[in-house]
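Two versions of one and the same chain are coming, encoded as structure tokens; call them structure 1 and structure 2.
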Structure 1
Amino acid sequence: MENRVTKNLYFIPYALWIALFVIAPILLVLYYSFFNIEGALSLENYQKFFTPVYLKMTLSSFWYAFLITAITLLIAYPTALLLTKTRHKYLWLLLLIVPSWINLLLKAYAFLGIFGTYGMANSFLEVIGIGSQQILFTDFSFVFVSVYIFIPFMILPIFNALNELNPTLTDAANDLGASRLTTFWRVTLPLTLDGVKVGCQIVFIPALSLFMLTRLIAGNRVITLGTAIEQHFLVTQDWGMGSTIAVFLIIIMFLFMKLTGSRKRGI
């Protein structure tokens, strides 16, 4: 009996936290999504979401998130693979993670200087003869900076998966006459797919909702679902529509989690 009492005592603050900050917020977002801008109960927001304007925004948001995830993966996988083969791999891994601890906004700010009209990137383009370009406030700069920010988060789970891979398996494949490429496709990649999935989860979902980068780097040219939510909540004060988009983002998130399988997440 005493057991139950102490158990409940521990459980109370945590249960309160779950009720107030996990369940209540989701229900409130759902509740608000049924109110139009005049504060009347309606399904107007959901109708609005299925108009070309919002559907196009959702699609482009998806496209950017996909692009960012794909490029990040293409860079991160070889990096992780090479890292596991270096001698002081944990030290290198730590050094790789350090930039991810620097405040995201400072990194974005750095790119304002690098990609600016007279910035380093343009000086470089001048030198190699291409000439100065408008880099900042383009789709390119948005994708570049996003990829830059997500690389460490993608490398980490892939590194862990590769690190746990039993080297005798690749050795066996080699002994049986598989080429290095075949070994990679048939052994290494399938066995580290879980790490790739986790990495994609960590990148894809936030990529749908990066609003500060679209404002700072893309100069409002790129509108993601996150930007739209921020806009509706803090600028136009249309909380209903913002909530509706949030509801769809939550649904997309769940579908994506289901699709990529494991719920396990490395943080």
Structure 2
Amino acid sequence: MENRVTKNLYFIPYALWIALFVIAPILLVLYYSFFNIEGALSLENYQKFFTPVYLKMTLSSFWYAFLITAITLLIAYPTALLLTKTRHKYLWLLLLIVPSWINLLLKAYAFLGIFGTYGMANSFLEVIGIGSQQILFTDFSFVFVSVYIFIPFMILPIFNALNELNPTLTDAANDLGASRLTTFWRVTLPLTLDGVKVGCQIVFIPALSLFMLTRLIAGNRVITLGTAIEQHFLVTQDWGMGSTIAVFLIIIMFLFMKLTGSRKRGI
């Protein structure tokens, strides 16, 4: 009885935190979504969201988020696999994670210099004979910088899943005559799929609502739902439409988390 009371007391701060900083903001966003730009109660914002402009923006956000997540996964999985086989794997993992501690804005400004007309990237292209190119303010620069920023967050859960994998399982597959590729597809990948799902969640959800990189790196040539929310709240002052987009963004995020969530396996 006393242990139960103690557990309930420990639960109070957690419940208050969730109520104040998760549930309350969502309810506030939902509340504002029912008011138009004149402040009148209306469903106008929801009707406007299903117009071609916002539907195209939603598809664009999905495409870029999928592209960023896919490229990040293709780079992160082999990297995490290689890390687990190195001698000082935790040191190398730390070195890969350290860049994520740097402020996002500082990294974005650094790439403005790297991809600029007189930056390192164009200097390298001139040396190899290609010549100066317009790299900044393109889809390529946006995806490249986004992948660079999100890679550590994809590597970490995959590394943990691979590191916890029982090596006797892969050894058994090899002893039974399976090739390395077959062992990977039939043993390693299925058993580390939960780490892949967590990594995809960590990357896809923030990538879906990016707005700062679309301005600084893509020069507003890439328009996402995050960009639209920022525009409505800070420029047009249409909080209702911004909240409506945020509501759909939250719904999409919850659906993605549900689809990629880990399922408990029966014993």
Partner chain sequence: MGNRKTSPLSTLFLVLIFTILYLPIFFLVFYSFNSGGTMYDFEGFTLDWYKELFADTRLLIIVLNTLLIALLSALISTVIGVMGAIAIYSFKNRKTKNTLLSLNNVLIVSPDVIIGASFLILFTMAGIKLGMFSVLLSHIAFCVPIVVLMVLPKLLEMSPTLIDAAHDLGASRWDVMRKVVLPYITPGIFAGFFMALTYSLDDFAVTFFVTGNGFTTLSVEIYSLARRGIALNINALSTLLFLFTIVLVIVYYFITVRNKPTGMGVRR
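The term rigid core refers to the most C-alpha atoms you can superpose between the two forms while keeping them within 1.5 Å. Treat the numbers as computed from the prediction; the structure is a model and nothing was measured. For residue numbers, the reference is structure 1: its sequence is counted from 1.
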Matching the form predicted on its own against both blocks gives structure 2
Just checking, between structure 1 and structure 2 and with the core aligned, does Leu255 shift 2 Å or more at the CA? no
Mind pulling the C-alpha shift for Ile18 between structure 1 and structure 2, with the rigid core superposed, in Å? 3.5
